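In the block that follows, a single chain appears as structure tokens, in the form predicted on its own.
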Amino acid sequence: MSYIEVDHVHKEYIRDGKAFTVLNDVSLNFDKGEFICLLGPSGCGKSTLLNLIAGFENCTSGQVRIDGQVVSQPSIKYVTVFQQYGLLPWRTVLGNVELGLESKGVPKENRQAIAEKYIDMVGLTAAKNSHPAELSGGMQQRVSIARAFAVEPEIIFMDEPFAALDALTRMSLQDEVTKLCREQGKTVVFVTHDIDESIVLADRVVILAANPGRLKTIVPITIADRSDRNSEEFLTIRNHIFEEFHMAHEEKIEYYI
């Protein structure tokens, strides 16, 4: 039994009295400790699929199971990192990272040490007493990542968390996140539309096609050195994924959500 099972999932929305299929008969299996990227054109249902796995939405038909249990709502065992940082402006970096620990009921005397550990891991120790307004976008996203790791979730869901960042900050955070996740054996489901990002991060890239959203192919990433984005190995896998992505993008998208 796989850790995450997406079993013949179908998702429809009703708009103006009409049913629109966003995902059609998607089946996937993810192992514990895998880093999975969901890649595809706008409108292919990647964020919808993430929301179904995370329990924010329910399937029209089919099932999502995590560790054998049917997913019907979000769980405190999992956390989600969004493109919007979701930081509380009146709290410091330290206070924001402690927030999830408070929700879990971690004793006050332990919270600061745990929060500081993960703040240090994302390189923000010098800014731990700063407020979000004093931080750059990349620094704020580091805070949200530290907050996610601090509660030691079983699964981390990420929905294009680096999309709004500049190229250099984005590349830096990609390297940091993949290092953290692999060191700690985290299970991650990550939505992106960026091919290079998927190669740097993923163990496997799940490519979705649109109209309706459905599984096109799955590409395993076996590159030894992901940091060299100009290596022959990296360029070969990039070209392969680009061809699959381009074919998925060629189809006309009739409905976007």
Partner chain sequence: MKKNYVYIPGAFILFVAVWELIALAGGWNEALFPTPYKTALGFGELIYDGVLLQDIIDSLIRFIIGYVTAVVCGVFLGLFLGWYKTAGGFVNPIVQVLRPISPTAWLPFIVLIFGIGEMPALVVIFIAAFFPVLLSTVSAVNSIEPIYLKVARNFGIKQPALLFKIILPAVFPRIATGFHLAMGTAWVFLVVGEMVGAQTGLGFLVVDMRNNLRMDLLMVAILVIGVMGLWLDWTISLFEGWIYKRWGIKRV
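Positions refer to the first chain, counted from 1. Keep in mind the model is a prediction, meaning the values are calculated, not measured.
The following text describes the form predicted in complex with the partner chain, which does not appear among the structures shown.
K.L.:
Could you work out which of E102, E154, D175, D166 is the residue within 4.5 angstroms of the partner chain in the model of the complex, going by heavy atoms?
P.N.:
Checking each option against the partner chain in the model of the complex, the one that comes within 4.5 Å is E102.
K.L.:
Thinking of the partner chain in the model of the complex, which stretch from 72-80, 115-123, 183-191, 166-174 has heavy atoms inside 4.5 Å of it?
P.N.:
Looking at the other structure, the answer is 72-80.
K.L.:
Applying a 4.5 Å heavy atom distance criterion, does R147 contact the partner chain in the model of the complex?
P.N.:
Close contact exists here: in the model of the complex, R147 approaches the partner chain to within 4.5 Å, heavy atoms only.
K.L.:
Although the partner isn't part of this model, could you tell me whether G86 comes within 4.5 Å of the partner chain in the model of the complex, counting any heavy atom of the residue?
P.N.:
The answer is yes: G86 has a heavy atom within 4.5 Å of the partner chain.
K.L.:
Heavy atoms within 4.5 Å of the partner chain in the model of the complex: does T60 have any?
P.N.:
Output for T60 is no: heavy atoms all beyond 4.5 Å of the partner chain.
K.L.:
Since only the chain is shown here, I'm wondering whether G43 would be in contact with the partner chain in the model of the complex (any heavy atom pair within 4.5 Å).
P.N.:
No - in the model of the complex, heavy atoms of G43 and the partner chain never come within 4.5 Å of each other.
K.L.:
Looking in the model of the complex, is the partner chain within 4.5 angstroms of a heavy atom from every one of N51, R91 and A133?
P.N.:
Answer is yes for this spot.
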